[in-house]
Every structure is written in structure tokens, then in C-alpha cells.
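The chain below stands alone and is given as C-alpha cells, in the form predicted on its own.
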Amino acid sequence: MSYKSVISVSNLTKFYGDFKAVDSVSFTVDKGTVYGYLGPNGAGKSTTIRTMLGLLKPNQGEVQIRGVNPTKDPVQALQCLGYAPELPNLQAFFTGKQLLDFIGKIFKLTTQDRKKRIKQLLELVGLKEWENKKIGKYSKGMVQRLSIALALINDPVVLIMDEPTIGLDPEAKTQFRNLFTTLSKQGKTIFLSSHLLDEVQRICTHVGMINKGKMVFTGSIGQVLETFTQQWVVEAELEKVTKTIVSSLKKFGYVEDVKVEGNRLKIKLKEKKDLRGEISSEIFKQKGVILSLNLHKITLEDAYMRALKEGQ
């Protein structure tokens, strides 16, 4: 059976005693999506993930992974899932290849299938040259890459990861971004929890934002930036700013305000449109020389902070 939404969370509610950790959370994640699950500490991210893994039973609502409820049928649901924790604690006395083989046996893969799968995964995560080295000799980034390979040993449809790039150097982060792109192109659905908003903006196609147990936004990266953008600004650096240039720009109907800072202009727009063409034409018309012209929209961090504030 084919499912467009491989992850479906509906009205998920979970109490710890009198404390409501998750309050009527709902979202869906489609096949091939890289979905970032964002929120401050204590927002309900870990509770949501534990329920998705079948480790917690919700008080209300449900989770479905390809139509299977993990709390009711955990064995079948886990056949579709792979999980890489934030701080993987792997057995240091194993080699990477040995540990992958051991986990493959748990999933009852045949010897032939294990050999083929292990070779593919070690190449995928860039650990082929380290397959026979003890895990105790691995760097932190290598341990995290091996953790992802372990999560993929059963060829899951959904890969769930908790803070996958935290503490990694820039080179390792780039490798992870490339890996996530490759996996999504292979049809894997990636669900990751992270505090690193710059990385999420680079990696993810969609995001969900949770605060104090409630969802405050879910949608594509483009949608979240558009929803929480208050204003677009064009910043122009000129060889020389003249009063004629400033006054002519202020007369445009799409310009709300023009601020002068030395040889720079900050032009606030009334609409969320890229109007650099019209602005540059007017500056040239007024005999101005443009050194640079940039459009400033909003970062995911800006949108995140606004979403949390509006959701309070």
C-alpha cells in the first residue's frame, strides 16, 4: 500500500502526572521530506519522538507510521523506522562492520543481505576505510555517522534523528547535509529534532514548531519564512548617496521608507516582493552608481522566535 503521508500525528496528548507535556499536537510528513522539529527545551519534542517510536503511550490521539500505530503494533512499525539518538553510546570493542553485522542479525537479515547492506551503508556514510577499526578509535562525527548507518540497516522508510549535527565541525556538518540530501532523494523520509536553526534551514524542506506542548506552526521552509516575515528590506551601497536619489525612491508606491547610513540606503518595502530591478533602474535614472544591492528577508531563527512569541 502507498502512503503519501508516511508520518501522521493526530491530536497527540501526553500527561506526566498533572503536567501536560504534549497538547493536541497534529502534523503530517510526506515521503521524501526532510522535516525539522523545533522547539525550546521542555517543549515536548522528546515526548513526541518517544511516542513515534512506540516507547510511550499517549493519553489521547495517535501516531501512525505508514498507517501503523507504533504503540499498538510496535514490531510492524519498527520495521519501517530507523532511529539515531543525540548521543549514541556504541560498544567501543566492536568494529563498525561488526556492530552493523550484529544489528543486521537482530533484524534477521540473511548473511548475503547483511554483507551487501553493510558495504552500501559504510560507503554512504563515508566510513568504508574505517570498517575494521574499533569504534573506540572513532571521532565523535564518525560515531554519529555510524549511528545513522545502524539506523538504516533495516532499510527503513522513516529515519528519526535527535540533534544529528550538534557538536560537529563544519566539514562534518557539510557531510551530513549531503547525506540527508542523498537519503531524501532515495525516498527516505527524515524527521530530525534540532536546536541549530541555521543547519535546519540548510537541511530541511519542512518544519514543525512546538512550544509548551502546542504546535505553533507546521509547513514548508518557504511557508514559515513567508508567514512570519514582517517586512522585506533592500540594502543598496552606492558610490554616492544624493538627496535626489532618496526623494525619488520615497515617491514609489511600494516603498515605505528610505534610511540613509553613509553611502548605504535601507529601503523598506510595503510588499513581500523582490523589487531590486525597479529600484536599481530608478537609481541609474538618477545617475547613481550601485556598488551592491541585496534583498534581506528573514532567517529561520527570526521566524522561529516570532512563532514562539505569537504562540504563547
Partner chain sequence: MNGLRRVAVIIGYEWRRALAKKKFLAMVILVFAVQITGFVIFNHLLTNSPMGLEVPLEQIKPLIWTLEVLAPQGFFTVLIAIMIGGGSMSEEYEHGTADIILSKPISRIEYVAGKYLGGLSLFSFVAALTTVLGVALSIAFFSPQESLQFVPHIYLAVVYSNLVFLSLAFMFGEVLRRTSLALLSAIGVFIASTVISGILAVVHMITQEQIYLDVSKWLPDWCVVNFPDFVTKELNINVPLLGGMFGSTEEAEIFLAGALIAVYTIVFVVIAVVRIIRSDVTKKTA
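Every value quoted in this text rests on a predicted model; they were computed, and no experiment measured them. Take the two forms, find the largest set of C-alpha atoms that superpose within 1.5 Å, and that set is the rigid core. Positions refer to the first chain, counted from 1.
The protein also exists as the form predicted in complex with the partner chain; that form is not presented, and the subsequent description refers to it.
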query: Interface stretch in the predicted complex with the partner chain - options 267-275, 46-54, 27-35, 242-250, non-hydrogen atom within 4.5 Å; finding: 46-54
query: 4.5 Å heavy atom contact, residue 120 and the partner chain in the predicted complex; finding: no
query: Heavy atom of residue 181 within 4.5 Å of the partner chain in the predicted complex; finding: no
query: 4.5 Å heavy atom contact, residue 85 to the partner chain in the predicted complex; finding: yes
query: Proximity of residue 172 to the partner chain in the predicted complex, heavy atoms at 4.5 Å; finding: no
query: Sole residue of 139, 112, 186, 91 within 4.5 Å of the partner chain in the predicted complex, by heavy atom; finding: 91
query: The partner chain in the predicted complex: contacted by all of 79, 98 and 102, heavy atom 4.5 Å; finding: yes
query: Did residue 113 shift 2 Å or more between this form and the one not shown, C-alpha, core superposed; finding: yes
query: Is_shifted residue 134 between this form and the one not shown (CA, 2 Å cut-off, rigid core); finding: yes
query: Rigid core superposition, residue 182 Cα moves 2 angstroms or more between this form and the one not shown; finding: no
query: In the predicted complex, shift in Cα separation for residue 50 relative to residue 92, 3 Å or more; finding: closer
query: Residue pair residue 91, residue 55 - Cα distance in the predicted complex, closer or farther (3 Å or more); finding: closer
